[in-house]
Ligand SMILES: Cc1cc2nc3c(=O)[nH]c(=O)nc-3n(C[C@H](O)[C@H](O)[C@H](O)COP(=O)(O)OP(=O)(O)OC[C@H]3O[C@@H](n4cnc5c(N)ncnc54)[C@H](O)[C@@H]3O)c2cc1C
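So this first bit is one chain, no partners, the form predicted alone, shown in structure tokens.
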């Protein structure tokens, strides 16, 4: 039986390498090894954390950045790097939930983020294939045609210079038309992030990798057992690891899938393509597809296509396991882009879907000096850049026009239905305490595989190494007590409630959990007992 080598969670948050991390490995800096005092502590060295550190350093602040992996080893290294003001939620929904003025501010903030990224690329001389391109939003077959017209009108009111176009290089879409978003952008995600990390270091920032922050408070954090004291703390960890409950009722974790297929250079123009999402999906996020090109070599480009989302740890509820999502995604992609050749890359990533469409960026509720950036949805690159400037302005005392829009303390009453639906879904997952286990006992687990075993109220997460030895842990997520589920695609144990993920050694990969799965000493008969 073919097995898979374990992945290095310091470099990537899953078994599969993304195109970005394979062609530009994440940077490792020194691990923290002493007590530290600084002005600002930034937890997380992804796009949000490093951009925030960059702007804070330029504002004259002393900054320390810590990450439990390498720089970009989390979700930034697993993005598809669409740099756009075309949001994965509709502008007419933002108008309904917030206001027309807020929709205009949302468009303005993301457009400004594109300009900020371009400026950083230029000022820091980052070679990352940055280019301006057009984006094209077309109708999903389940979405009424009138909704695309509504979105066009809403983008116009928001100040985006959209127009109607036939999407280039793509087989016929409904009505053979799309909303064109001019002057969007793309880049090589890890080349950009590595360049940003080097700029942070050059400006005097201290980056510590493989340095895990715990016990985050308004005074700092414990990092690898050492005290890091700070006047201001920024938690930029995709899912906020400083918060136990409040923020996790406002957003939900989703797993999204990506393939990278070769296509002859020149067969397609460089562009961004999106559909409007499956309106018949069981998920409140209406999963959609998103596509772009990336230069590969002299003869080929890489067509990067993503989608087939589901709530983290809940793929089985659609009877479509994680590893089979790529097959469905490839079939969709070939239907619209028939000129693609072999699929070279497969990977997945995790996004936090806010219940009211917009990210949460600013002061953590209840704290004056703790800041968070989360709820990025499918716009992590621009949201992360918005966060960098917004949080810097809050810390140094500058006014920022987007402070209220992205305020993490906001309450959107018009999204009560989705809020109730998501919380009911979370509550349902606790029934796993009493449900049937994956397997009766560990003897059934093959090398390179994992499962939840044990009886009711005694669930264990077990993984068998290639050499036949067994790793056994409590299956109870240390965040809020859900039972984790085995993800056979990325070789991880995933929490279906709030998205915490753990590797085959039980070590936490994604928050909100901050501690590992509890080690158990069970040794089945097949292991010599």
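Positions refer to the first chain, counted from 1. Small disclaimer: the values here were computed from a predicted structure and weren't measured.
Keep in mind that the form predicted in complex with the named molecule is missing from the display, and what follows is about it.
**Q** How about residue 325: is it within 4.5 Å of the named molecule in the predicted bound form, going by heavy atoms?
**A** The answer is no: residue 325 has no heavy atom within 4.5 Å of the named molecule.
**Q** Quick one: does residue 311 come within 4.5 Å of the named molecule in the predicted bound form, counting heavy atoms only?
**A** No - in the predicted bound form, heavy atoms of residue 311 and the named molecule never come within 4.5 Å of each other.
**Q** Report whether the minimum heavy atom distance between residue 350 and the named molecule in the predicted bound form is within 4.5 Å.
**A** Residue 350: yes, in contact with the named molecule in the predicted bound form.
**Q** Can you tell me if residue 155 lies within 4.5 angstroms of the named molecule in the predicted bound form, counting non-hydrogen atoms only?
**A** Output for residue 155 is no: heavy atoms all beyond 4.5 Å of the named molecule.
**Q** Mind telling me which stretch in 44-52, 485-493, 24-32, 464-472 gets its heavy atoms within 4.5 Å of the named molecule in the predicted bound form?
**A** Answer to the contact question: 44-52.
**Q** Using heavy atoms only and a 4.5 Å cut-off, determine which of 81, 178, 207, 85 is in contact with the named molecule in the predicted bound form.
**A** Here the answer is residue option 81.
**Q** To verify the annotation, which of these, 380, 362, 135, 388, has a non-hydrogen atom within 4.5 Å of the named molecule in the predicted bound form?
**A** After the contact test, the surviving option is 380.
**Q** Are all three residues 89, 277 and 285 in contact with the named molecule in the predicted bound form, where contact means a non-hydrogen atom within 4.5 Å?
**A** So, no: the whole triplet misses the named molecule.
**Q** Using a 4.5 Å cut-off on heavy atoms, what residues in 467-493 are near the named molecule in the predicted bound form?
**A** Residues within 4.5 Å: none in this stretch.
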